[in-house]
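Let's start with one chain on its own, the form predicted alone, as structure tokens.
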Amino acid sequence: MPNEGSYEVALRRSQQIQADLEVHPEAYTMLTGDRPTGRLHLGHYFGTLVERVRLQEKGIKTNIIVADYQVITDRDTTEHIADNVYNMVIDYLACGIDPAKTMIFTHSAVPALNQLMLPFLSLVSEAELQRNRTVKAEQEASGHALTGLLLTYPVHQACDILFCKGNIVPVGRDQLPHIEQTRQIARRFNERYGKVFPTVDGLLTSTPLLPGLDGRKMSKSYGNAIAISMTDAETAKLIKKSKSDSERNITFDPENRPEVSGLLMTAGICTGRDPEEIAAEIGMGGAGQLKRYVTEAVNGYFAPIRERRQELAKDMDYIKDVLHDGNARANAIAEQTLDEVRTAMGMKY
């Protein structure tokens, strides 16, 4: 019998929720977000943004946090943070996020959300935080010292999710430990002080992880990511200089030919075609023909999104208004939740 925190249980629950979303969208509140450490790329788009738009259009209460405080978990500077935040909002809107339907806000603008950290930290042990596999993976990837903020990252995420009474979070399998920690915090608070918070479930994405142009995980730091905001020429240049291998015949073999297969997967997801079919079509055309095909596929798919993005970038007052409005709405919700927390804890004086 799989335990409550296992992948099998999480997957089964996710499938049940996906079915129920079609019938009772009003019963769900979604929270998700991104760290503004740079530009959003194709991995973000196909991995999460498409799903967010889908949920938004179903009538689910959708909320997106621009997690600016989380930048300093493993970075020593906030030099470009404002530019990154505004460009992230532009990317969201260009990709179909509607601020009339989805609340977009930042960590640093919602004090009551962050104040939930204090009671929540009393509900977890140091050993539980140390065991969180996602935190370990993020620390190893960054090479940064384990700061107090990085160690308590899952607790801060619990604040993000629970302040708006979120009950679904779109995640990949690797993020399930965060969801389990949030469920644990909500359950312990409710048992100790009275029912305030909902049960939270991960909505497991079925989208396969899109690799970078070199076959590794798509990441800004690896230089293998195509940003949504790139021009056609910048996209072509990045794809052209990406690594391939010495074999002329193009085949789809992720294990033995990661670079070529990464390019084929990118073309496949942008055209809706099977990567093996594309490989067979290119055949002895070699890496040059493959890269031209990938360039056309990416630029063709993102043409309307990039056109919208250019228009949005011309009106920064509007972008700031979207964020100010989202922050104001988030503050009202956070104050209400914090008031409920204080009442439950007997701290209303």
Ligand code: TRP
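Note that residue numbering follows the sequence shown and begins at 1. Being a predicted model, the structure only gives us computed values, none of them experimental.
The same protein also exists as the form predicted in complex with tryptophan; that form is not shown, yet it is the one meant from here on.
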### Message
My question is simply whether residue 175 lines the interface with tryptophan in the predicted bound form - judged by any non-hydrogen atom within 4.5 Å.
### Response
yes
### Task
Mark residue 295 yes when one of its heavy atoms lies within 4.5 Å of a heavy atom of tryptophan in the predicted bound form, and no otherwise.
no
### Message
When the contact criterion is heavy atoms within 4.5 Å, does residue 171 count as touching tryptophan in the predicted bound form?
### Response
yes
#### Entry: 4.5 angstroms heavy atom contact with tryptophan in the predicted bound form for residue 62
no
#### Entry: One residue of 290, 49, 42, 31 in contact with tryptophan, assessed in the predicted bound form (non-hydrogen atom, 4.5 angstroms)
31
### Among the candidates 157, 102, 224, 181, the residue which, in the predicted bound form, approaches tryptophan to within 4.5 Å (heavy atoms)
157
### Task
Work out which of the listed stretches, 320 to 328, 277 to 285, 304 to 312, 33 to 41, brings a heavy atom within 4.5 angstroms of tryptophan in the predicted bound form.
33 to 41
#### Entry: Joint contact, 110, 114 and 163 to tryptophan in the predicted bound form, by non-hydrogen atom at 4.5 Å
no
### Within 4.5 Å of tryptophan in the predicted bound form: residues from 59 to 82 (heavy atom criterion)
65, 67, 70
